[in-house]
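To begin, one chain is listed below as structure tokens, in the form predicted alone.
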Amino acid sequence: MKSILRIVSDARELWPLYVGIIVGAVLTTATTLLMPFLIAEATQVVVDMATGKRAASAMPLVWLAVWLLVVMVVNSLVTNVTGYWGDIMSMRVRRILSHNYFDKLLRLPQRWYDAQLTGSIISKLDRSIHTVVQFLQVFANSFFTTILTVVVVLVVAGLHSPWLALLLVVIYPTFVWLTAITSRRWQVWEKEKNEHFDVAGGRFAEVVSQLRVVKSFTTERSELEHFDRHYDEAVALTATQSRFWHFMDVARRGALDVVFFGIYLIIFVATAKGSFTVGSMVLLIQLIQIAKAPVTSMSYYVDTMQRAITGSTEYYKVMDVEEEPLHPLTEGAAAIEWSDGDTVVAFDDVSFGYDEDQLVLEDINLSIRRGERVAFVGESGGGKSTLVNLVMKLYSPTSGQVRVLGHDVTTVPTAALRRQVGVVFQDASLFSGTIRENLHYGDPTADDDALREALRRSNALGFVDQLPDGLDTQIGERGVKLSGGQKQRIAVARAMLKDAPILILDEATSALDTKAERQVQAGLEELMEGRTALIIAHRLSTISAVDRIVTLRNGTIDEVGSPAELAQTNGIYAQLLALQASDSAAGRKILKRFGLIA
């Protein structure tokens, strides 16, 4: 329940709606309960007229009918106004929770995402917020009104007979207690079901995003079977869960029926003995009927609340994850004085491991000078990308220090650091939308002239001008409507617009054919002009044009030197050159392992 209260606190800006709903609930309860009093009074008037205790005049009944109409109209009006406020409140809560969740995801470190499935993250968001909003809607539209109604019925029943009040007092806590006991087992099954939904949803998102791979390997059937298995497990759990819940509900309702039998018996016998008038009997029967509905609905209320508690607990499990330090969404806009010295990037005794007991990099010492082009060569998984990820502060070193332009990356504002770094990934990583929108990722303020100049320099203007809508062409999810080379040239133009002094090329052309590679490489040469470039090795021909090569072996630096120097040392680079020249099958296999051929 703490998590539900926490959500209300997080959405405390909605307090006017909370107050309005509470006031509306009070008025709804008052008008709902006033109707039985008016009907009871009309019944008593008719009985008195029939027995000669009151003169036969229709006016008292007419006025009672008029008042009953007024009360019903007010009840309808207040109920719908309160319902409207409840709908608005729940949707605004949904907006607040969704905003906070997305905001939190943007602040979380890359390490957290490494252990998550994208589909699972989305599934948790949908499920958690849906259950919370559903509970708030129920609370606003009926639950609070129900509680007030029960209290008033208890008071009125107590004034007529302490036995009636006692039976009613016993019903509610007993029923809620039994339902809560049932719900404990229900939550265990619900958690297991949610785990199946998350795994199935995560796989679903992966398959949809990589459908070409699935189709090319004709694994549609196995993927569907994998998906169905989790839903079959969820169905089986639901059968067990529902069978238990409804069995217990029959037992609860059976006990409830016995208690209400006793209540009606007391009312009927007391009226027959003259302890209650006919009007009082009508009043009490209507009030008991009003009070009976909340009890029979208690299972639904508790079920909705339990789902909300489970959902909100999952929600806050994510919200309480430790955030990336000095994140752009939390840090101030403090100006950083970057060093203008010769050293741009430095690794001082840096070690790093994704797991504490297994280091990917160990004792890395390296300085990269201003304007220098440095290529990193090593086996796939050998730590090349990890090195540049440390420069971008996507991860923090396990030990040692990474310095950029004179500052330890762990101590400077993340946004300020990343403004100094431009990146072109192996996967162009474009977004759905237009070419213009993707280019504005590099510089949101760039006008069309600046965009076209960046496209020209990246060797992309020719194909963009041939597209039906030019810069406003929709490129589909992840740029699916463009070829690999076209996407990469857009990514190069985007990096040009960012105009950062440090450039990271993470295997930017390794996935392209020869023609596309030449087109992209021409753009990369423009992009690297006047910048310090850290290049994850792709083609050996490209590496030969850099200032220095750093070879990595088992997570440590093996050699550092110019291409000409390392070609003579019989080290990794020299061996790779020899293997390329031999063009043997074994040689090609090794080159592929180093990511130097496709």
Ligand SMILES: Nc1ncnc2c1ncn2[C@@H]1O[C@H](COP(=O)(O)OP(=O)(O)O)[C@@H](O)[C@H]1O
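When you see a residue number, it is the position in the sequence shown, counting from 1. Values in this document were obtained by computation on a predicted structure and should not be read as measured data.
Separately, the form predicted in complex with the named molecule exists; it is not shown, and the next lines address it.
Novice: Answer with yes or no whether Val360 is in contact with the named molecule in the predicted bound form, where contact means some heavy atom within 4.5 Å.
Specialist: Because a heavy atom of Val360 falls inside 4.5 Å of the named molecule in the predicted bound form, the answer is yes.
Novice: Answer yes if any heavy atom of Ser380 is within 4.5 Å of a heavy atom of the named molecule in the predicted bound form; otherwise answer no.
Specialist: Output for Ser380 is yes: heavy atoms within 4.5 Å of the named molecule.
Novice: If you check in the predicted bound form, is Tyr395 within 4.5 Å of the named molecule, heavy atoms only?
Specialist: Tyr395: contacts the named molecule in the predicted bound form.
Novice: For Tyr354, is any heavy atom within 4.5 Å of the named molecule in the predicted bound form, or not?
Specialist: Contact with the named molecule, yes.
Novice: Counting only non-hydrogen atoms, choose the one of 123-131, 383-391, 91-99, 165-173 that falls within 4.5 Å of the named molecule in the predicted bound form.
Specialist: The contacting stretch is 383-391.
Novice: Just one of Asp499, Asp469, Asp114, Asp447 has a heavy atom within 4.5 angstroms of the named molecule in the predicted bound form, so which one?
Specialist: For this set of options, the contacting one is Asp114.
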